[in-house]
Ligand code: GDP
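Just the one chain here, laid out as structure tokens, in the form predicted on its own.
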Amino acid sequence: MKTVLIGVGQAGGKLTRELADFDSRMGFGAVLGAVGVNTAEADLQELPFETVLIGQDRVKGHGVGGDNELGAEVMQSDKQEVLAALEGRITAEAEAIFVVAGLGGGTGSGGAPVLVKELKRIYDVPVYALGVLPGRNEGAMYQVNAGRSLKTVAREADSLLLVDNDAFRATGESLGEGFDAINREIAQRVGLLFASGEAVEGVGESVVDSSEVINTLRSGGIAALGYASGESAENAEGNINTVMSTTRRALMTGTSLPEANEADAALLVVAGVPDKIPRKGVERARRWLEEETGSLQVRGGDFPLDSDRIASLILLGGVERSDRLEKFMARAKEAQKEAEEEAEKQEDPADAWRNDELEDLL
């Protein structure tokens, strides 16, 4: 799926860089171009593609400090600068636009919904969002920001592909190492999704193309992506169980949004050497996926890839009923309530001078 990426905010910029790097390393050619957008000048300097600094008149290149209302305002004010940077990049070859953002910060969570809405007004291709939820230990402000942003982006985008940081974080890692590792994991999954149906070496029996990705996401709302791989046998017959095993793990333990098993639509992509991908195994896994997701719209196909492994990639469309999502929204609401209560407790310094027990001198 020929795609143009727009990374908004610090997390969005870094993930966009990882996606572009993965696509380039693998030689897929699915990413047509990338642009980074931020209110913090320092975060843009490490990005190897065109960047746009917004909000200079308001925050002077120092970021919005987690204030996503301010992030939305500056994107609204400076959206023409972003659109100018995209001119010539979103050509007739582009099949989709992805706005990439961390949903917990200020610029990404505030700016992404505004930009998605504007892009949909201008372009005919689908405009998707790739949003990253903060982990539960990242602070109340990030939970509140993400809760508000998630609802808005899901409404504005053609679909919101959601990634939960807690699904990928390993124990013992520093925060920086954790985010870098998460970005690599996401880039591998989403990069393979972008590459599905592209012209790569080898011919599969039933190759997935970009229209099937778009159709799976057609219902809108929230989407998730599952992935798992296993060592390939020497022939297709020996890989029937491998395809079933990787498909089960991709759905049960490998999704970007854990516990997102019910879906309106799904797409199963089995990647590997074409001669070693068993049609019987793919079809069996597809039927199993129908039963597990409760969807009658489950597509399945191959992705020719020169590798000594077999991988199952599962795209789930319409996973709003996810238990994980409900828990996150409840957490965001609780964080919002606590923040409001804390604000009420904060005494205005001026109140200290208003004391009925002391009379004014004059």
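Position 1 is the first residue in the sequence shown; the rest follow in order. Here the structure is a predicted model, which means the values were calculated and not measured.
Separately, the form predicted together with the named molecule exists; it is not shown, and the next lines address it.
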Answer with yes or no whether N183 is in contact with the named molecule in the predicted bound form, where contact means some heavy atom within 4.5 Å. yes
Looking in the predicted bound form, any heavy atom of P134 within 4.5 Å of the named molecule? yes
Classify G102 as contacting or not contacting the named molecule in the predicted bound form by the rule of any non-hydrogen atom within 4.5 angstroms, answering yes or no. yes
Using heavy atoms and a 4.5 Å limit, would one call P113 a contact residue for the named molecule in the predicted bound form? no
Checked T152, N165, S159, N239 for heavy atoms within 4.5 Å of the named molecule in the predicted bound form; positive is N165
Using heavy atoms only and a 4.5 Å cut-off, decide whether all three of E95, Y123 and R218 touch the named molecule in the predicted bound form. no
Looking at 138 to 146, 246 to 254, 79 to 87, 277 to 285, which one sits within 4.5 Å of the named molecule in the predicted bound form if you count heavy atoms only? 138 to 146
